[in-house]
Every structure is written in C-alpha cells, then in structure tokens.
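In the form predicted alone, a lone chain appears below as structure tokens.
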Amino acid sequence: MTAPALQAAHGLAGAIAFHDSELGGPVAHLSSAHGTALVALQGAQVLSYVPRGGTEVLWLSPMARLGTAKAVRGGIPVCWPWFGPHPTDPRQPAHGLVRSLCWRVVETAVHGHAVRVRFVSTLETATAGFPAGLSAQLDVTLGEELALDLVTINDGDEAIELTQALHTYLKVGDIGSVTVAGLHGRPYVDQLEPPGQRRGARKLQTGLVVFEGEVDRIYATGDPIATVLDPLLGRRIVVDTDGSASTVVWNPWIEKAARLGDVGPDGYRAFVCIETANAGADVRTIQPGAAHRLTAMIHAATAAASGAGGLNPEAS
C-alpha cells in the first residue's frame, strides 16, 4: 500500500501517521505523551526512538536507504526465522528472510498514553526449509518505554525450529567509554574465537562488558536485563526481555566495520548492539498450532533520572 492509502486505512489523528520517508519508503510515525518513534514498513524496522525530553536512542547508518534489495543497517532490524547464517544452507541470506521485505500493517491502536502498530509478514511459499504459511507478527508499542513483541505463529502441520533476534543498535557517545552491566556471572560464547581454539566453548563474564576491539558474544542469560552505561551522553539504556534465553552483544570495531561498507567513517564508535535473541543453543521449537513471543523493552534515562546510583556500575 502507498503511504496515503495506509494513512486512510490505519492513521490515527495525533498518534500514528503514515508518510513517505526521505530515506525512500513509507514509514509509520508514532507519537505519544512519552515520545516519538519511526518504523519503516520495509522489514517492520524501527528507525528512531526519542523519549520525551530526551535524545535519539537508536543509531542509524548515514547510508541507510529504503526501497532497495539491501537491508537497512541500524535501528532495530528483525532477524527471522533464523539468526546469523542459515543453519544448513550458506546460500541463504544472513539473518533470515524479512529484513528487506515490506510487511503488512494490520492494526493500529491507542491504549491510554501508549500507541501501537501491528505488522505481519507471512511466508507465501515454502522457503529455505520453512513452510508456507509460517508468519511473524510484530507489535511496536510506544509508551513509557519502547516495546517490541515478535510473535511467530505456526499454522502448519509440522513443528518448526527457529532462531531469531531483535537486533537493536543503541546510539552511544563513544564505544570506548561505554560499558554494559547486568551480565556479570553469565556464560557466553565468543563468536570471534579462531578455529582450533575451542570455538563455541563457553566463557564466563566477569564484571562489566567493556569494548577495546571487536565484540561478538552470545550470552546465555534467561530473560535478562542488560544496561548500557554511557558517561559521555550521561544516560543509561535498559534492555529488558521476555521469551529469550540469549542476549547478543556486538560491535564490529574498525576492520569489520570497513568490510561491512555501510557503517560510515568511525561509525562503529557511535553504537553498541544489545540484541534480544533466541540464538546459539537457544533454539526454539514451535509445535503446530502454537506460537512463540519474543519481547524487547527499551528504556532510556539520564543519569539524574536514574536515581542516586547515576551511572555507578555498583548501582546496576
């Protein structure tokens, strides 16, 4: 549907408006007493989240463009129905099938001071080992926090296994000064271990996560709460989850960012990814007629609003 048709069918005065973005495709603009958010129909990808009285929480590549065959880097991409490489077929695209597809808007609503838009993407044919009719539903709710609920619905006759992620890019002042709290004592798999060094073996996080080079880790967490502590921007960003037993922490650093080609000069310094996931050993089996919900809740606060603890790691 075109942006005018979407506006006529689903726009809500003062709450949700559809228009053509300067990035080249239709978007939904959400407004509430708590802030604003911008969601592209391509990939049902959240591109912006600004809490009331605050600044942008998400990082978006300066080279981001909608309406191309290439997925947009930044915001919150939806990786579905697999995370990372396809489990058996390396010819398939990384991170699933839906990042560059246009999702359908099926519902918009206002609940008190929160606004919500619901997107759906359905496999029309059997693809990459996944059955026709398998569908993903994404609810984006702008309230006191930004909440994303990704629901996989299996209407087929056979159980399916999937991995997935809400691949959140959080904007930071400088990655070298950022730390991540909430993962102390959690085991993780280091995705950067070279062959021959027990790649896939679990390590144990001690203290805060710091960034002095490329980081690509899958933490076994069990519905964790991870907190990004950012002294340069004077804020903390909390990522709370449900339906997830794994959290991915990622920053490509210098060489990987250059290979990616769409991060921009020194762009890697401006973000950290805290990904709400079912990844690694956290593979989910969905029986016929069943569904699985993966939820990410993102809340940003300045040091002053965080209470007496401020950005003190001991308060995290």
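Keep in mind that what you see is a predicted model, and the values were worked out from it rather than measured. Don't overthink the numbering: it's just position in the shown sequence, from 1.
In what follows, reference is made to the form predicted in complex with a small molecule, a form of this protein that is not presented.
Between 175-183, 87-95, 132-140, 115-123, the stretch whose residues reach within 4.5 angstroms of the small molecule in the predicted bound form through a non-hydrogen atom is 87-95. Not displayed here, the small molecule is approached by Val248 to within 4.5 Å at the level of heavy atoms in the predicted bound form. At the 4.5 Å threshold, heavy atoms of Tyr188 stay clear of the small molecule in the predicted bound form, well away from it.
The small molecule in the predicted bound form is not approached by Trp103, whose heavy atoms all lie more than 4.5 angstroms from it. At the 4.5 Å threshold, heavy atoms of Asp216 reach the small molecule in the predicted bound form.
For the residues Ala290, Ala33, Ile254, Leu260, the 4.5 Å heavy atom test against the small molecule in the predicted bound form is passed only by Leu260.
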